[in-house]
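Quick setup: one chain, the form predicted on its own, written in C-alpha cells, and binding and motion questions come after.
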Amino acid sequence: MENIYDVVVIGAGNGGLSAAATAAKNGLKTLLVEQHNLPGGFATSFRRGRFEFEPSLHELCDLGPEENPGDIRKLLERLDVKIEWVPVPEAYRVITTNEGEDNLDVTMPFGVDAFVDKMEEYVPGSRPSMEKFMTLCQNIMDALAYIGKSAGKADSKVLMKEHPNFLKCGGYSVNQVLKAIKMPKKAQRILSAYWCYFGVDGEMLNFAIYGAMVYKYLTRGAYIPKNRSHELSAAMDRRIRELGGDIWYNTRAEKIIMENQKVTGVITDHGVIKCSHVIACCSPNAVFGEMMEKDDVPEKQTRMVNARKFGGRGFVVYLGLNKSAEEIGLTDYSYFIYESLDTVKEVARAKDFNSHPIQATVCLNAANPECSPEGTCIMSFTTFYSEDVWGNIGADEYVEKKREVALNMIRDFEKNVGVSLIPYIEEIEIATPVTMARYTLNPQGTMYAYECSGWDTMLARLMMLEDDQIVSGIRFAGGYGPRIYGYSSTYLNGEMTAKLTIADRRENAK
C-alpha cells in the first residue's frame, strides 16, 4: 500500500507534536516521524536508579492558572490535552559571587505588585522605574498579540496608532531601555536574572522579547508537569492518534523529494511517503544541508542559514540525593548563580571553559515534593556555552572534562548557597553538548536553536512570515520556528506553523 499524507511532520519535539495535533485536528491526513523511540525531544524524562529526571524543563512561563490562562493553557485546551500541573513557588533566587558586584543574594516573588514591592525593598527608590517597566511590558504584550494574529501582515498604521510604546522600544536592547527609564543599576541587575534563558547579553537581547517573558512570569506564574515533560509529550502523542494522525517512531527522515521546486514526498529508512507539505521540527541546517539536493535549495535560503548564529550549547548535571531538600537546607526552587550580573561579561565567560560556570539550578522537590522517594530530592544544574568549545575536546579527555565541569558547578552551589551536596549523591548523570547533539541532532548540541539577537529576533521573524517559506511546501516548527526557542514558544511555533501550512494548502488549491 502506498503511504500518502497531506503533511509529514519531521521530529516529535514540542513543536512537532503541537504541529501534528493541530494539522490532524483541522482535517489534514498527518504523519509524524521521529528517529527516537519516544516523543518529546528535550521534553521527556529518564530514569537512573530510583530517580526519574527531567532533562531540560525548568518551568513554563505561559501556562497560567485556570482563572488567568496563558497561551499554552489555551493551546492545550484547543487541542483537548489534559495533564496535571504543579505551580513553581517563587520567581527566582539570584546570587552573584563577585565581591565587587554588590554581592547579591535576593529572592524575587511572582506577581507584578509583589515583585515591584520586593524590588523597592532591595533597591529603595526603584519603584517609579519598575512601574514604567511593567507598563511597557503590558504594551508590548498587546502589540505582540496583534502581530501574532496578523500572521506576518501587521499594519504599520495600526501599530503606530494603538501600540506606540512598542514601536518606541521594540527595536532597542534590554540595557538601552532600562537605562532610558532611569532604573537604578542594582535593580537592572536583579531584573536581568532571566537573561540566561536566552543566552544573549543585555546589550544584544531585544527588550520587547525579554520584557514579554518577564511579564508572563510575573502575571501568570510558572508551572511544571507533575510527571515531568514526558507526561505532556505522551499526552500529545495520544491526542494526535485520537485525532486520526499517525506516528512512526524509530523512523529517520533521510530525504525530502522535490519536483519542480515543490515537495512531493519524504524518504525514510522505512520507506517512501508521498506528501505535498513538510513541517520540520529540526534545524534548517539539517533540512537544507542533508535532506535536500543542493540544486533544490534556493540561494536565498542558503544565505539565510549561513548568516544565522547557533544559540547556547547545553550542559546539565542531574543529581539524585539521598537526603530530603529540607534536611539539606534547600529552601528555594530556582537558583541563578553568576559571577556578576554584567551580562556582557557573563556571555564572554561562556565562550570557553572556566572554573566557575554560569548556572541555573533547580531543586524539583521545592515545587513537587512527590517527585522522588521519601527522604530524597532531585536537582539539576544547567549551564551553556556560547561557542562550540566541546567540539574541540577529544575522546581521550571527554569524560574527565565533563566530570571537572560538573564538580565545579556542584562545589560553587555548595559554597554560595551554604549547603552540602556531595556526601548525599546517590545518582549522577552528566549531559554535555555532545549528548544533546546525539539525542536531538541539534548542531553542536545547541539547546537554543538560532541565537535571537540583532537582526534575527522574534519580532523580525514574525514580521517576515510571508518570506519564511522560500521553499514551497516546507515550514519549520520547534525552536527554529518564528516564535524562537523555549518550551512555551516551541509549542506555539508548532501550532502557528500548522495553521500556515493549512493556509498554504488552501492557496495552492485555488
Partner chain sequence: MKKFNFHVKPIGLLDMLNFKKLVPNRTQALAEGSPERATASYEVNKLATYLHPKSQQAEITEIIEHGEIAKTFILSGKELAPFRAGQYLSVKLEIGKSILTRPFSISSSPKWVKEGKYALTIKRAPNGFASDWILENWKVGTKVSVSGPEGVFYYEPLRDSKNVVCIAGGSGITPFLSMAYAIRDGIEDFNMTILYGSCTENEILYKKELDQITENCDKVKVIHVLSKEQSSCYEFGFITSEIIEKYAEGEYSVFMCGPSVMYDFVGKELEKLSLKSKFIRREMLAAPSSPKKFKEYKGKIDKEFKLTVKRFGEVLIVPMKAEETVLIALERAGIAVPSKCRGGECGFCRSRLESGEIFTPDELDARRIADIKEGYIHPCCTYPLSDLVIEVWPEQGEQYEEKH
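None of these values were measured; they are calculated from a predicted model. Numbering follows the first chain given and starts at 1.
Omitted from view is the form predicted in complex with its partner chain, to which the following refers.
- Taking the partner from elsewhere, no residue among 140, 203 and 223 has a non-hydrogen atom within 4.5 angstroms of its partner chain in the predicted bound form.
- Proximity to its partner chain in the predicted bound form, defined as a heavy atom within 4.5 Å, holds among 346, 131, 120, 332 only for 131.
- Here is the short version: of 244, 124, 164, 418, the single residue with a heavy atom within 4.5 Å of its partner chain in the predicted bound form is 164.
- Contact between residue 30 and its partner chain in the predicted bound form is not found at the 4.5 Å heavy atom cutoff.
- The closest non-hydrogen atom of residue 150 lies beyond 4.5 Å of its partner chain in the predicted bound form.
- None of the heavy atoms of residue 196 is located within 4.5 Å of its partner chain in the predicted bound form.
- Using a 4.5 Å cutoff between non-hydrogen atoms, residue 369 does not count as a contact of its partner chain in the predicted bound form.
- Across the options 453-461, 22-30, 56-64, 471-479, residues that bring heavy atoms within 4.5 Å of its partner chain in the predicted bound form belong to 453-461.
- Residues 292, 293, 294, 297, 299, 302, 303, 304, 305, 306, 307, 308, 310 are the ones in 292-320 with at least one heavy atom within 4.5 Å of its partner chain in the predicted bound form, listed in sequence order.
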